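Coming up, as C-alpha cells: structure 1 and structure 2, two forms of one and the same protein chain.
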Structure 1
Amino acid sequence: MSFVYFVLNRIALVIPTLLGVTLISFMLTNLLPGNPAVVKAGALATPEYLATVERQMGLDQPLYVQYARFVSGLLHGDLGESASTGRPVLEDFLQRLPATLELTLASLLIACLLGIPLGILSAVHRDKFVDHVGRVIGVVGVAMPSFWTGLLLIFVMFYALEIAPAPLGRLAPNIAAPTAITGMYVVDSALTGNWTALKSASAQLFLPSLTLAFSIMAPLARMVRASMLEILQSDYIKAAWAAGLPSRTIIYGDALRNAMIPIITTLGTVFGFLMAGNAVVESVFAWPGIGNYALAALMTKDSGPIQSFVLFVAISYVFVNLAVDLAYGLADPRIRIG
C-alpha cells in the first residue's frame, strides 16, 4: 500500500467520526440541566418573553430540527451566540484559542523534555536509584489532581519563595501585549523582538505549563520505560551490545527508534488530555483560554460555549489520532503494508 493511499484511507475514516462527534456533543449539551433561554432572557423574565426567546433560539423545535440547524451552523462557521458575553461564540473562541494552544504546547514540550529522558534512564538503570525516582514521580504525577498541583506550586513558588509572578493571566499588569502575529505571546514577543514582553510572558507561562506537564509526564515516562525495557531485552539489542557498538548508538538509535510507536500513541493521548484538562488549570491561574471560558459558561449554564468547547475537544482528539496514525506510517513502514 502506497503512503498516499494510506493517508487518503485514514482521512476517509475521519468523516463519519466527525459526524458522530457532532451528534454526541449536541446530545450531551442538551442533557445538561437548565434552560439556555433563561440565561439569555434573565432570571426575572416573564413567561411570555421567555417563550419568545425560546422560539428565537429554536428551542421549541424537535431535537432533530435543532441538530440539523446546529450542523448547518457549523458548516457555515456559526457556533451561536454566547448569552454571557453577547458576542458570537466563534469570535470568543478565536480570541482565546491562542492562549490555550500556547499553554498546551508549552506543557507538552516540558513533559517531553523531562518525561522521555526519565523513562530512558529508568529503563537503562533498571531497579537502581534513578529507576526508583522515576517510579515515585510516576505514582505522584498520576495520583495528584492538576488543580492541587497548581495550588501547591503557587503556594511554594509564588507565596513562600517569591520566585514566580502572581498567577493573574498571561502578562504582568504593567506590560503591554506584543504585536499580534500568532496570538501566542511568547512566540509573538520573540518574533517582534519585544524582550520585555517575552520575559513577562515566559514567567507567567511557567507555572501553569509546569502544572499540566507534571500530570502528563508521569504516564509518558512510564510508557517510555516499559517500551525501552522490552526493546532492550530483544535479541538484536543484545547482539549490538556483544558487537561492542557505542551505548549511545544502541540506546538512542536502535532501541529508542523501535520504541517510538507506543511513545507516539502516548503523546497523542496526552495531547488530547491537555486540550480537555486545561480548563481547571486555566481557572486556577486565571489563564484567559477556551477552557476558562467554557468553565465560566458552565457556571452560568450558557449552552453555546459549552457545546462548542466539547465539540472542539472532540475534534482535536479526532485529528490528533489522525496525526498519530500518519506518524505510525512514517515511523514503521510495515503498518501501511497490506
Structure 2
Amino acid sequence: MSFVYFVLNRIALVIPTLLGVTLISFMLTNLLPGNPAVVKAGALATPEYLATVERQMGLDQPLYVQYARFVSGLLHGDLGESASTGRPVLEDFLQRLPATLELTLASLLIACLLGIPLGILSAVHRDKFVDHVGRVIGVVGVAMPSFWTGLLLIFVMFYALEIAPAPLGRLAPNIAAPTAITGMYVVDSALTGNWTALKSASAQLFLPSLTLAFSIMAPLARMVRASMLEILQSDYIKAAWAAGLPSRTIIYGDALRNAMIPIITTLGTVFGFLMAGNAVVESVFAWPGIGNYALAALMTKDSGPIQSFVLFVAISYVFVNLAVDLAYGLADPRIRIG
C-alpha cells in the first residue's frame, strides 16, 4: 500500500467525524434554553420586532435548513455572531486565540521537560525509589482537579511567598502590550527586544502554565514509562547490553529514540487534555483566552461563543489526531498497512 493511498485514506476518514462534530455542536446550540433572538433584540422588544430579528437570524427556518446554513457558513469562515455584543465570533476568537496558544504551548513545554525525564527514570530504575516517587506523583496527579492546583499555587506563590504577580491576565496592569507579531506576548516581546514586557509576560504566564502542565504531566510520564519499559525489554536492546555498549548510549540513544514513536502518538490525547484544561485554568487565572471568553458568554446565555469554542476544540482535536496519525505513518511503515 503506497503512502499516498494511506494519506488519502486517513483524510477521507476525517470527513464523517467532522460532519458528526458539526452536527453535535449544532444540536448543543439548539438545546440551549435561551432564545438567541431575545438576547439580541433585548428583553423589552415587541413581539413584531422579535419576529423580525428571528427571521433575520434564520431561526424561523426548519432545523435542517439551519444546519445546512451553519455548515456552509463554517466553510466560509463564518462562526456566527455573538448575540450580546453583535460582533462576529470569529473576530473575537482570533483576537483571543494567541493567549490560549501561548498558555497551551508553554504548558506542553513544561510538561515535556518534567514528564518525559520522569518517565524515563522510572522505567530505567524500575521498582526503585525514583519509580515509586513517579508512581505516587502519577496517581495523585490524576486525582487533583486543575482548578485546585491553580488556587494552591496562587495562594502559596502570590499570597504567602509573594514571588508571583497577581493572577490577573497576561501582563501587569502598568505595562503596555508588545508590538503584535504572533500575538503571544512572550514571543513578541522577545522578538522586539522589549525586556520589561518579556519579564512581566513570562512572570504572568508561569503559574497558569505550570498548573496546566501539572494536569498532563502524570499521564505523559506514565505513557513514557510504559513505552520505555517495552523497548528496554526488546531483543536489540538486550543485544546492545550484551555487546557492552555504555548504558548512557543504550538508554538515551537507542531506547529513547525508539520509545519516542509511541510517545508521539499519545501527544494527540495529551492535546485533548490540554484543550479541556485550558478553559478551567484560564478561568482561575483570568487569562483572556478563548476558554475564558466562552465561559463568560455561558453566563449570559450567549450561544455563539460556546458553540464556536466547543466546535473549535473538537475540530482542532480531530486535525491534531490526523497529523499525529500521518506522522506516525511516516515514521513507522508498518502502520500504513491495515
Partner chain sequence: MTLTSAPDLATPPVRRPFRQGMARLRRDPVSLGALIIILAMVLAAVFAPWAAPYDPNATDISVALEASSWAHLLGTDVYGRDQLSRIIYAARIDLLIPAAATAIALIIGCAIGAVAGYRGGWLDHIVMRCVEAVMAFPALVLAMGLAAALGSGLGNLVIVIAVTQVPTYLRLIRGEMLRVRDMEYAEAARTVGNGDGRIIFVHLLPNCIPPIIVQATLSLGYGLLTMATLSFLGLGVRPPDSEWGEMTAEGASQIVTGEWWLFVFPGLAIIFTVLAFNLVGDALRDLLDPRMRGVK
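On a predicted model such as this, the values are computed, not experimentally measured, just so you know. We call the rigid core the largest set of C-alpha positions that still match within 1.5 Å between the two forms. Quick note, the numbers are simply positions in structure 1, starting from 1.
K.L.:
Of structures 1 and 2, which one represents the form predicted on its own?
P.N.:
It is the first structure (the form predicted on its own) rather than the second.
K.L.:
Out of D78, E230, L23, F93, which one is the hinge of the rigid-part motion between structure 1 and structure 2?
P.N.:
This hinge corresponds to F93.
K.L.:
Suppose I asked you to quantify the rigid-body motion between structure 1 and structure 2; what rotation angle in degrees does the smaller part show?
P.N.:
Expressed in whole degrees, the smaller part rotates by 9 degrees between structure 1 and structure 2.
K.L.:
Core superposed, what is the CA shift for T52 between structure 1 and structure 2, in angstrom?
P.N.:
Between its two positions, the C-alpha of T52 lies 3.4 Å apart after core fitting.
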